[in-house]
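Here you get one chain, nothing else, as structure tokens; it is the form predicted alone.
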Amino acid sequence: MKTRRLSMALLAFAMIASLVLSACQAPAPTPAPAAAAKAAEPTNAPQPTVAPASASSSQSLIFLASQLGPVEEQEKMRNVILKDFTGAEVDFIADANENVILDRILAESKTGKVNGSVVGALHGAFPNLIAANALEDLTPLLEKLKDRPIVKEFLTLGKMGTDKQYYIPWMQATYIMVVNKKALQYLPQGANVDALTYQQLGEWGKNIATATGEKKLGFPAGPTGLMHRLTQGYLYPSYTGGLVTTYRSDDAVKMWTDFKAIWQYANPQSTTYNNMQDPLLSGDVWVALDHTARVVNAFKNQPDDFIAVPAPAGPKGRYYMSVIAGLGIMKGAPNKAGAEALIDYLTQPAQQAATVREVNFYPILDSGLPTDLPPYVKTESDGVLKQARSADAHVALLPVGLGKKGGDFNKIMQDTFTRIVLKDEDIKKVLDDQATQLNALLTELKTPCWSPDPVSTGACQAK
């Protein structure tokens, strides 16, 4: 378990280093914490491409994606990232509600009336698509892309524990903390902003409130905010070392007790925040934790005001969530050649750089990326790099294998937060109630554990 987390963290370091410093980590079977990065030379030579033998610009191709659902991101995808693709006319269809896209894919596969060609989804969505026999084996395509410097462990993840390549890595993201420089003078004595603990975060919020009379911490706890991801990938593992298996543990009780203390200094409007870049830009919030894509405008619009730093650490370490998305091809795709050409196109260095620049999802390549990235991208990348390189860093993955029940899982997490933090209910009683719901859901789905919980042979269960 520890080896897998260390490997993921180091691979994240190699990828970000290539983006910010034009350096890359040489792939190795067993990465070491002190592995040195070597300078990467800019690549001007043409990248290997998959010849779109039967694809033509006159033939359409439907690209179904559960990512890049917000309207602004869809427009960037259509008008910037896909602009130079000539393999086919692409109809990019995305939805902020992952289940809308996944249900369509499963329905087309079940009826045999397949209209979609390319699938773009998070790692955790692929087990259900594989179980429905909805995806092609991309091993032959991977052979054509063998010279592309895709992070090797990301490729391994795309096999989904089999000997087949079900997806080609597309992009990845994480969550970081954003700090207005005005807040730095109120740091607790002896605290390092790049190595904070959750306890120090609470002390920092108290110091700010005492000095200014305002609560300046912020969390994305609005109706479509990602507070549940912070619970899953940051708070729970940082305090308990797990998520489901440790859901009602004594360590979990300690975590919720500490977070209630932190919440005292959160801006009261946090329950309305769906992204943190708006309250950061307005000055209502000085310190916030959110998805990189939902804070980027703070760095872009006010580059001199903000810094990006790692998420806080708990007793079990500095856990952070790595969000990996992949590209698959539907079985029976009406334009398979065009689909292969599109995957080739989206994984080339130029499009990988455009993806981080336009929609702030990070590359899956470990070398060959352009270096002419905007300063605001570099600022955010620096924070991601610091987080990945932290001595106590560990990686947690998004939930795996929940399918359309992912929303039910997230609701259990959010209901736990609401009952404990907002309604002040008894922590132990709430955790017992919610753990019972978790166990019932995962038993129904027969879903085994995923990182940060240890691998299980049966359904993952809260102890």
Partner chain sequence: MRSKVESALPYGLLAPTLLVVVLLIVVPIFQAFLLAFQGSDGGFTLAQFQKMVHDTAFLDALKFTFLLLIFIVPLQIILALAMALLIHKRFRGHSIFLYIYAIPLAISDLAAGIAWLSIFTERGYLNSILHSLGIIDKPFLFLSYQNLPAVFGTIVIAESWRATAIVMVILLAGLEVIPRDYFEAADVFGATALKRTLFVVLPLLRPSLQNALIIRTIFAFQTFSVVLALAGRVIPVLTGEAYYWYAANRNPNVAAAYAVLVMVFTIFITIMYFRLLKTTDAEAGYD
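Keep in mind it's a predicted model, so treat the numbers as computed, not measured. The term rigid core refers to the most C-alpha atoms you can superpose between the two forms while keeping them within 1.5 Å. Positions refer to the first chain, counted from 1.
The form predicted together with the partner chain is left out here; the points below concern that form.
Picking from 185-193, 308-316, 246-254, 263-271 the stretch near the partner chain in the model of the complex, with a 4.5 Å limit on heavy atoms, gives 263-271. In the model of the complex, no heavy atom of residue 161 sits within 4.5 Å of the partner chain. When contacts are judged by a 4.5 Å heavy atom cut-off, residue 284 counts as touching the partner chain in the model of the complex. Residue contact with the partner chain in the model of the complex: residue 432 places no heavy atom within 4.5 Å of it.
Contact annotation: residue 428 falls outside 4.5 Å of the partner chain in the model of the complex, judged by heavy atom distances. The contact residue chosen from 156, 86, 371, 212 relative to the partner chain in the model of the complex is 212, the criterion being a non-hydrogen atom within 4.5 angstroms. Scanning 414-429 for heavy atoms within 4.5 Å of the partner chain in the model of the complex gives 415, 419, 421, 422, 423 in sequence order. Relative to the superposed core, residue 386 shifts its CA atom by less than 2 Å between this form and the one not shown. Superposition of the core reveals a Cα shift of less than 2 Å for residue 262 between this form and the one not shown. Relative to the superposed core, residue 253 undergoes a C-alpha shift smaller than 2 Å between this form and the one not shown.
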